[in-house]
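Take a look at this single chain in C-alpha cells; it is the form predicted alone.
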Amino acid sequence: MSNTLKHLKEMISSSGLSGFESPIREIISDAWEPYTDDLSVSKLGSLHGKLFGSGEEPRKSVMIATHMDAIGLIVTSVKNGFLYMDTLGGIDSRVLPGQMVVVHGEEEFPGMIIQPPDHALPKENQSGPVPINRLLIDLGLEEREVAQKVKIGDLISFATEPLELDGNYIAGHSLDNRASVAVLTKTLEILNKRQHLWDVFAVATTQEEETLGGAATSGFALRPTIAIVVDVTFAKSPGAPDHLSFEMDKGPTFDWGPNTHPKLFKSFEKVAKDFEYSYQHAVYSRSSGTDAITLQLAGEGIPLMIVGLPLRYMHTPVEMIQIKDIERTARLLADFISQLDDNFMDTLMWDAEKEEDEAK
C-alpha cells in the first residue's frame, strides 16, 4: 500500500464534520509534523503548517489551502428511541436511506438511517424521495437508553468503510476534500527533498462546507503572497453532462473564472507544459464554490489559483477518486513552487496598456 493511500484511508475513516474538525485535524497534524518547520492552529480551528524557504528574508510565501471538514448530519430530535436529523453541508436525502452511520453521543453508537414504510408517511411523501425530516436513525437501543445517551446537537458521521477498487481507485465518504489534503501532504513530502526559495504555508481549513470561515480567517492571519486552493471537482459518471464534468486519471483541472488570477493561471499552464503534466480546463462563470471565494478577498487581496481533482458521486458516502491524480497533482504543485523566484510577482502585475494591446 502506498503512503498516499494509507494516509487517505486513515483520513476518510475519521469524522471531523464541518465546524467540528478536531478529530481529523489531529490526524493531519501528525502527518504534517515531519514535513513542516512549524505547526499551529487558528482561532477558527484551521491547521497551519509552515515550511521555510531558502531565500533571503523577508521571503515571499505561497499558501496551499485544502479544506478538511466533511459533510454529515446532526441530531435535531430524540423521540420514542429514534433520532431525527438535519444535514451539515449539502447532502442529497435520496442517498440516505439504508446508510450506516456513527452517532457521536455520550459514546459512539453505530446506527442506520431508515425510511418509514409508505403507509406511515404523509400522502405527499408516499412517492418519490422521502425528505430528510421524515427519515429516522435506529440505534438498536431501548428508548430510555437512547434518551439518556443521545441529545439534540450530537453529530452523526457516515460509517462507510474505505473501499479499494481495481485500477488504483478508492471509494468512501469525505474524499471531498481529504483527497486534496492528501495532495498537500504529498507536496510537503516532495518539497522537503528539494530547494525552494519561498516559504510554504500548508493550510487545512475549517467550515468550507458551511461558512468558508476557515479560509477567510487563515488568509487574514497568514497574508501569503499568492495562494492555491485545491478542491475536488465533478468527474465524468453516468448521466453527468460532458461539458460539466472531467476525466479521472487525466490529471487535475485548472479552474478559470472570477476567483482565479488570470496570470497565475497562465503560470500554472506554463509549468504543466514545461514538465509535461496532463491537465484539464474547467470554467466557472460565477463563484467557484470553494475556499477561494473568501481567501481571494483576505487583506488587500491575494492572487489565487484553483486546482481541481475529478471526483465521482460528490457529497455522497461513496465518493470515488483516482490515487494517481492525487500524486500527479502533488508533483505538479511541488514543481510550481520550486520555480518561484524573487522576480515571479513581476509577472503577475497588472498592466492595463499591455492587456489592451494584446486584446486588439
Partner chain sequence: MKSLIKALTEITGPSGYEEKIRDFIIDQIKDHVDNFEVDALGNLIVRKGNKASNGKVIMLAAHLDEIGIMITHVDANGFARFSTLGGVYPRNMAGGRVRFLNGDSGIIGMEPGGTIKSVPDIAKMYVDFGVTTKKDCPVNIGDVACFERTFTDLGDRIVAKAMDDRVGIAILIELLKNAKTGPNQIVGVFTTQEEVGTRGAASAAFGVMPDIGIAIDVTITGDTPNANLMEVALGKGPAIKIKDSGMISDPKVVKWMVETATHAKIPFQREILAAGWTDAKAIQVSRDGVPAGCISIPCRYVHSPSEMIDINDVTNAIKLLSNLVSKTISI
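Positions refer to the first chain, counted from 1. All values derive from a computational prediction rather than experimental measurement.
Not pictured, yet referred to below: the form predicted together with its partner chain.
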query: 4.5 Å heavy atom contact, Glu269 and its partner chain in the predicted bound form; finding: no
query: Residue contact check: Thr185 to its partner chain in the predicted bound form, 4.5 Å heavy atom; finding: no
query: Its partner chain contact at Pro23 in the predicted bound form, heavy atom, 4.5 Å; finding: no
query: Contact label in the predicted bound form: Ala221 to its partner chain, heavy atom within 4.5 Å; finding: yes
query: Contact residue in the predicted bound form, from Ile190, Leu197, Leu264, Val75 (heavy atom within 4.5 Å of its partner chain); finding: Val75
query: Position in contact with its partner chain when the complex is considered in the predicted bound form, options Tyr284, Phe254, Tyr84, Tyr277, heavy atoms within 4.5 Å; finding: Tyr84
query: Partner-facing stretch of 76 to 84, 255 to 263, 269 to 277, 177 to 185, counted where any non-hydrogen atom is within 4.5 angstroms of its partner chain in the predicted bound form; finding: 76 to 84
query: Residues of stretch 15 to 32 in contact with its partner chain in the predicted bound form (4.5 Å, non-hydrogen atom); finding: Ser18, Gly19, Phe20
